[in-house]
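Below you'll find only one chain, the form predicted on its own, shown as structure tokens.
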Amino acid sequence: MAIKAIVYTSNTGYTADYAKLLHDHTDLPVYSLEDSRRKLKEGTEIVYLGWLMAGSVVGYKEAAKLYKIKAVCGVCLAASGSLTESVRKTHSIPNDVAVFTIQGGFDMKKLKGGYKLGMMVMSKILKKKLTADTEENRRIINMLDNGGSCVSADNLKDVISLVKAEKSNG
């Protein structure tokens, strides 16, 4: 078997943007988790993308009950790759499942309700913790203050390579 689809959950659009980019580079069909229930059979091999909230990939547990996940991508504020082991541990993801964390974006204006309130508090905490002594920290502070996107095919290159290798093996 091989990866047959990309399934994602997005809150403010950055994860959806990555799902579309992955589709553009792999030609795999892409579905929101909600739509996937009508389009995919249970047990289908997928790549799952979800946004990180408090270190957890939103929607992962639900997707894992429905599908055979070959790769998990958590979209976050932090630098790509920086939270991979934490995500694996949080969800007890088996070692045969690839885990990626990729930097997405942030825009307070796109958040609603409890998410907005939570991020208003978290933003202040993060800005106190982060010093402006690295380019990465400055980029995160700028996103927290002004919004912004780091979505790029370059951040997805390892995921794209994995999917293409799986497709050629399947």
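Since the model is a prediction, treat every value here as computed from it, not as a measurement. In this text, residue numbers run from 1 along the sequence as written.
We do not show the form predicted in complex with a small molecule, though everything after this point is about it.
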Only one of 37-45, 22-30, 65-73, 102-110 sits within 4.5 Å of the small molecule in the predicted complex by heavy atom distance, namely 102-110
Although the small molecule is absent from this view, report whether residue 119 comes within 4.5 Å of it in the predicted complex, heavy atoms only. yes
Query - residue 51 within 4.5 Å of the small molecule in the predicted complex, heavy atoms - result: yes
Should residue 12 be counted as a contact of the small molecule in the predicted complex, where contact means heavy atoms within 4.5 Å? yes
With a cut-off of 4.5 Å between heavy atoms, is residue 98 one of the residues that contacts the small molecule in the predicted complex? no
